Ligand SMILES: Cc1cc2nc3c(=O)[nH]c(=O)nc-3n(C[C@H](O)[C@H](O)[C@H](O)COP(=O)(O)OP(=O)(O)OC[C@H]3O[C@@H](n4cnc5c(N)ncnc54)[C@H](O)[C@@H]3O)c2cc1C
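Coming up is one lone chain in structure tokens, specifically the form predicted alone.
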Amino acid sequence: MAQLLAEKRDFDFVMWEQFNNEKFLENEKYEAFNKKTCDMILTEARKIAIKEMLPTMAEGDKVGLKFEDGVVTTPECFKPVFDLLKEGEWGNLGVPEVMGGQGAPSFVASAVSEYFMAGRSALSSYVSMGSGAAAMIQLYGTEEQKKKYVKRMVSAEWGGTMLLTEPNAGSDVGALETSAVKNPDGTYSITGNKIFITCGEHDLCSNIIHPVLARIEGAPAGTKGISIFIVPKYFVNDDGSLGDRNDIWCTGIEHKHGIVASATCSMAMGAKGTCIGYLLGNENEGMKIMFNMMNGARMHTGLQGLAYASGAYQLALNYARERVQMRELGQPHDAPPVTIIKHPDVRRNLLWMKSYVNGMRSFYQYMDYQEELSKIADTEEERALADGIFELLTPIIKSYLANRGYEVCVQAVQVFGGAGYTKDYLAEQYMRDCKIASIYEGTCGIQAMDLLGRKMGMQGGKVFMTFLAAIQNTIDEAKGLTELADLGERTQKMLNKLGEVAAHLGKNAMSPQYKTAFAHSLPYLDVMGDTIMAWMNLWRAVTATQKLAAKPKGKDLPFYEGQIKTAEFFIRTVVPTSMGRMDTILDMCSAAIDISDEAFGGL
């Protein structure tokens, strides 16, 4: 079991060697944390994920959820682990202390989240969902609202959600029909129906606080007229005790392809005419407030893709080291069979998976790095630039990690062969669970439109140019190392071409050919993600080469050598394919726009 989740050695490499995060711990806001403390947290988190959470994965998937009379019952095996995580305050590790959290650095909190998601994502979400909703109340709520809700949500005593999607208003949020009518006492009567609500109802918390998007009577149409309301499952008395039941009810749960034990609920408000909500922030500011949670949710979704990919890769690697099948290539016909890790195609497959998992983990930690800089960099300009890079890359974290994470899970099943297609092995479940990451919190197509239409031109293009310059710095370092000069040159060509594609697509996006440009926006997001993967693997190789100069011994030697070989594999075998995809974007084929609706067929 000890090898079923990512090796802590890789986290150590990324956090302390590649990014040198110890400098952040010198800031006074992290005076309670040092490298030893962070290491202890990660060690304990991995132990909990393996010993407590992983055993619930298959059982929770098999048992699923029970829905009866508006009540959702989670698998019995969830309760003791939920209580363990709650009592250990694992759900609020990265939450600011002012909210009742522990205030850990984001790079430590996300590493713990990766372990917990790989251990049992559905279970960890019940613990952590409240913190995301609480953050909106902390930022925009009244003092009374903050006092009443925040700390109980952060502690996982109470749960939290986000009621956004409706049957006729999915990605088009402005089409929502949920209404709010102001009452004489300043509260609002809420009426409407929401669907696809994660953790909308369950039996693990005593109360659930629902932020709800709705339109106040007479407000403007579209997103400009949307407000957001706090709608508690149970009303909260002034002394913090629970009062009467509010008129918000779960009307059903979805029976899904994956994440079976995660309660995805349909919610009805005002069926009895008595659903009461409390305005959060000002009227018609719902979208602005909601996006504070949405950006975090998109990061969280990207982390899901990484966590599932990492877990699936470790399973495939372990299986390949144990499964005996066929003689080794080139050996006599009477040679004994060997473990399948000896076979060339399996080795290629495993290294392909490793190159993505490594790149994705470093990419996610790079985002944590930018988040820390945006808070504590020396100048306002530096903080704004770091925040800009974080904003620029968020659509890629969400979409690219979701899609590539799923592809890694698919290849993990392939390593298992026929056994991987059965429910006897967790690889199949990782694959099913991972698919949703590319769909919810904004589909990949929406992320691509956001990247091309909004993010590329931030600060007059300064953010994007700073991002390219950061990649160039790593390339220059690689070119200065004899062992990596060729990989540096190859990555240089990729970076140059990405710049050309970005300029070409950006120009066309502002021309009469804008529809064709946006038809290529997701391929563009993908090649930008490929470039980041090449960058992160090259950066790892640079760091490893520098460490090898000190002639390390023991397990460090193959670890560092592995970083270099992984970078070589990705840059020499995956990058050329991505370069070809860049050519297709430059070609600007308009067939997808030009074809008539009828010509698609099926009529």
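Sequential numbering from 1, following the sequence displayed. Bear in mind the structure is a predicted one, so any value in this text is a computation, not a measurement.
There is also a form predicted together with the ligand; it is not shown, and the following applies to it.
The candidate spot formed by Q314, V415 and T422 is out of contact with the ligand in the model of the complex: none of the three has a heavy atom within 4.5 Å.
Distance criterion of 4.5 Å from any heavy atom to the ligand in the model of the complex singles out T198 from the list T198, N318, N508, N284. Though the ligand is absent from this view, in the model of the complex it lies within 4.5 Å of a heavy atom of just one residue from K256, K151, K497, H504, which is K256. Stretch 160-168 is the contacting one of 95-103, 160-168, 78-86, 344-352, since its residues have non-hydrogen atoms within 4.5 Å of the ligand in the model of the complex. In the model of the complex, the ligand lies farther than 4.5 Å from every heavy atom of T191. In the model of the complex, no heavy atom of M456 sits within 4.5 Å of the ligand. Using a 4.5 Å cutoff between non-hydrogen atoms, I436 counts as a contact of the ligand in the model of the complex.
Residue contact check for Y440: one or more of its heavy atoms lie within 4.5 Å of the ligand in the model of the complex.
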